[in-house]
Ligand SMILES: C[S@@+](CC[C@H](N)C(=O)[O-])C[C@H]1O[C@@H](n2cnc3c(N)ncnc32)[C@H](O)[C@@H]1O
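A single chain comes next, written as structure tokens; it is the form predicted on its own.
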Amino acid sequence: MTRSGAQSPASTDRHVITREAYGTDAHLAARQRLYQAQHPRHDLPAIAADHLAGANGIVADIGCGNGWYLRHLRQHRPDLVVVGVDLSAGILAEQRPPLVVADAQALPFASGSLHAVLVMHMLYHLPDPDTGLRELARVLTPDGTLITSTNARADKRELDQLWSQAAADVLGLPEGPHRISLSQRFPLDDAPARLARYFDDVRLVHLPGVISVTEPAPAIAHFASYQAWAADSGVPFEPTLARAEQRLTETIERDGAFTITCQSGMLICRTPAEPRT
């Protein structure tokens, strides 16, 4: 049975990631859609692009998924060569080249060949995020830019509580296990200190917000997008999903909306001018 902040072994499993979780963009898109109801709305690709104002040459979006950042950079920074990189060939199928299918822990780029890299909500999928950070530092030029993002431990706590309550109902327990949390392997709370081991000038941009859903579909689709990790959830997944929808419907009918508190952030840092030993 999982607990609050539980980490699924499958969250780093190469087969699960490339075939079930991100074989297409369906699950990722479901999670992205939930943020359409967030206030304030953060234009994340634009924020990232602002921090690349001084970049030139080659920029890689590593773990680019369905190309949200790729499209923005290619439209607004045609002076850059923007390369999409992902472990899943399936999710790259609809993207425009240049594209590379590769593992972020063993990138097919020469040392010091990239002027900037984006690693957005992805480092927690690596079996060893520190190996990935060392590899990112390797491929960046001296004084290159790394931009990454992740969620805080308390992010979307209301969804965790809803899932736990639904699981308790299904299992006949006073308290049920919490849902699988991907970002807990690289949470925002710890990210600045971990990045500072390999990079200089680590800056954190907080991106708080509140999501108010007035009908269950967006939140239930968000829950359903974790289907790839159902075996590690500690509950019968479909019955718990159905019970969560019932509880959510009751809350919306009573209160008019279900409120979710978002705590995420973007981190911008620089490659040391001299390699660290």
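Start at 1 with the first residue shown and count on from there. Just so it is clear, the model here is predicted, and its values are computed rather than measured.
Keep in mind the form predicted together with this ligand is missing from the figure; the text below concerns it.
Per the 4.5 Å heavy atom criterion, this ligand in the predicted bound form is contacted by stretch 80-88, the sole one of 171-179, 193-201, 155-163, 80-88. Checked against this ligand in the predicted bound form, the candidates 104, 188, 140, 73 yield a single residue with a heavy atom inside 4.5 Å, and that residue is 104. For the residues 224, 37, 242, 28, the 4.5 Å heavy atom test against this ligand in the predicted bound form is passed only by 28. This ligand in the predicted bound form comes within 4.5 Å of no heavy atom belonging to residue 60. Contact annotation for residue 234: none of its heavy atoms lies within 4.5 Å of this ligand in the predicted bound form. Although the partner is absent here, residue 17 sits close enough that one of its heavy atoms falls within 4.5 Å of this ligand in the predicted bound form. Shown alone here, residue 125 lies within 4.5 Å of this ligand in the predicted bound form, counting heavy atoms only.
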